[in-house]
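Given next, in structure tokens, is a single chain: the form predicted on its own.
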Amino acid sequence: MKERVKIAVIGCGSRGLFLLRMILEHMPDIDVIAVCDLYEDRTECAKNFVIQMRGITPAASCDYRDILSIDELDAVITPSAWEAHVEICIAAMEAGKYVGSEVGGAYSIDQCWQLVHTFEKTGVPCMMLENCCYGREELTILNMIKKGLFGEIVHCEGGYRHDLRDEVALGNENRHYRLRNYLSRNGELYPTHELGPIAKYLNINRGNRMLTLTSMASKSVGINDWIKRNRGEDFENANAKFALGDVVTTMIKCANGETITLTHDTSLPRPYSRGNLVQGTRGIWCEDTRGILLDGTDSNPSYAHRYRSLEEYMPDHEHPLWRDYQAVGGHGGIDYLVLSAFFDSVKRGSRVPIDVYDMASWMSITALSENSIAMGSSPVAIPDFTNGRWCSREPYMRSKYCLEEVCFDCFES
């Protein structure tokens, strides 16, 4: 097992610099030996970060292929623009480097198959860095589901519900990729924050899989309205025709009979929410109320159909990964945990907890939802990226970061 890991950061925009700073501040066993971004000023900024915080000068290039040729490099993380994720992941696997990709949706189903085929050819792990899989609430619910407290799961919901009107409207000014995607694409563009945890709840790709989806999009008026009121009628894109509907709803049917509803809602005023909901034969969890109802656990009939606070269940059911965890880094500590999970696999030379089959199936929802909407919300088949192995997969890697079960024996007592 490696004591230290040598990595490169490919993609040094706001998200990339955020993760880079967190690694440099909180992960002393991770050596950043190379940085890369398409824009020279961002590459230079990242390089200076490493010099200032670690006292070493990393390799720096605007071409990721230069970075992947570094022999001593163990792994790559790529918080790049959405369009570049798959290309960089494939090149990294072909170069023999573990790769952790930031989240986003696929542009085509062929991209997803390319990811799978490259992994199967090279054997080099590729992990989607879906931080929400390591959220405190999501892991607590995972623990409760595995204990059977919700009974048999029937339906799940989730969403990316986040007011991003200013980020999109000022996309050219900030060189942010969301603008060009919102102008050109209509679908569930960002599915994995909600779908990742749900997929683990439902054993997707390990005894279950997603079969079909249907998507529908509302009209698109929210970003135009924000631009006109906040930047004026003459500001760029004030009258542009944004392809992306303000609210996109996607419904998925699974092989074992469960249904999933996903919502993409980022172009209208609203507080942040992932809108998580899990319903089973013995209980329900609703994130927006921070509430849980478990059938038959309250002897007082007047409380039998009321939510109780999730906090009440934390002492008995909180995931051990969060017990005594003094959260560091971004998004309440989940960025640190997902990167720790990735780097733990690199050190062990083991499989990753969110593998290429997860990545391909979760990302595929974007391209498939675009197809469904373009065909009047017609049902669309979801490919089986495991080629039938979802019925009987190889054993998963047990560790404290495992998302298939809660491995209590992997934690110190």
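So that there is no doubt, residue numbering starts at 1 and follows the sequence shown. None of the values given here were measured: they were computed from a predicted structure.
We do not show the form predicted in complex with another copy of the chain, though everything after this point is about it.
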Would you mind picking the one in L277, A84, L183, I109 that has a heavy atom within 4.5 Å of another copy of the chain in the predicted bound form?
L277
Which of A75, L321, L129, I252 has a heavy atom within 4.5 Å of another copy of the chain in the predicted bound form?
I252
Decide if the three candidate residues N174, R178 and I365 all line another copy of the chain in the predicted bound form, where lining means a heavy atom within 4.5 Å.
no
Hey, in the predicted bound form, does N387 get a heavy atom within 4.5 angstroms of another copy of the chain?
no
Can you tell me whether S101 touches another copy of the chain? I mean in the predicted bound form, with a 4.5 angstroms heavy atom cut-off.
no
Taking heavy atoms and a 4.5 Å cut-off, does G333 contact another copy of the chain in the predicted bound form?
no
Consider G135 of the chain shown here, and say whether it contacts another copy of the chain in the predicted bound form, taking contact as heavy atoms within 4.5 Å.
no
When another copy of the chain is placed as it is in the predicted bound form, which of 92 to 100, 138 to 146, 325 to 333, 269 to 277 ends up with heavy atoms within 4.5 Å of it?
269 to 277
At a 4.5 angstroms cut-off on non-hydrogen atoms, which residues of 152 to 185 are near another copy of the chain in the predicted bound form? List them in order.
E152, I153, V154, H155, E157, R161, H162, D163, R165
